[in-house]
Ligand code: JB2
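So this first bit is one chain, no partners, the form predicted alone, shown in structure tokens.
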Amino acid sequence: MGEVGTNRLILIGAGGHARVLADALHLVGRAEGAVVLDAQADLHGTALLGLPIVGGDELLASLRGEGFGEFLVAIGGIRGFGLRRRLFDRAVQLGLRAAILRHPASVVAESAVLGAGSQVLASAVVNACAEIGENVILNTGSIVEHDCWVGADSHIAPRACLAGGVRIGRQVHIGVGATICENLRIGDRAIVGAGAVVIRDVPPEAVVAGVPAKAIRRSGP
């Protein structure tokens, strides 16, 4: 299982989720030399927890030529999945490597697999034989139990719990404190509301909420 490497690192995004990642970078000794990119021009020239915000993502190519080798997509909002994927793909195409960030207060089983760009934050648990796809956020206190599979670009929000054998599709949002019961399937681009208890499979692009969770709309346009 790979760890964040030794090259200078770029955080793409300067919002609330970026502050959480910046704090974790300080804790794992990776903040020195790191920079932040954000499209919001009035942030340029300021700092994010001591990391300089140097410009927008148009600087990715030039930073690659200045010795920066790794990046993390630091956008965590529920509406940002497509943007997270576009930024991830662009950085990779420019020759940057997606780092893996593990908060020192997280727990990851030796048999678990973390994909490129995955972020395992404070008190998160990834249990035995779980597989986490690339560009996935496992937010504060989330639990991914044994033999789970989490698809690329998904976000498991704080205190959400995936019981054993759950399979999460791509670009899925599991809301704060939600519970997904054993061996269920959550389809691509589905959204599970905060506090929901999911007791049956969720189809792609469905939005479910409640206890037990029921479909309330679709996540697409």
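When you see a residue number, it is the position in the sequence shown, counting from 1. All values derive from a computational prediction rather than experimental measurement.
There is another form of the same protein, the form predicted together with the named molecule; it is not shown, and what comes next is about it.
The named molecule is not drawn, but in the predicted bound form it has no heavy atom within 4.5 Å of residue 115. Although the partner is absent here, residue 40 is a contact residue: one of its heavy atoms lies within 4.5 angstroms of the named molecule in the predicted bound form. Put simply, residue 87 is close to the named molecule in the predicted bound form: some heavy atom of it is within 4.5 Å. When contacts are judged by a 4.5 Å heavy atom cut-off, residue 83 counts as touching the named molecule in the predicted bound form. Annotated contacts: 57, 77 and 155 all touch the named molecule in the predicted bound form [non-hydrogen atom within 4.5 angstroms]. Here the chain stands by itself, but in the predicted bound form one stretch of 22 to 30, 185 to 193, 40 to 48, 162 to 170, 40 to 48, has heavy atoms within 4.5 Å of the named molecule.
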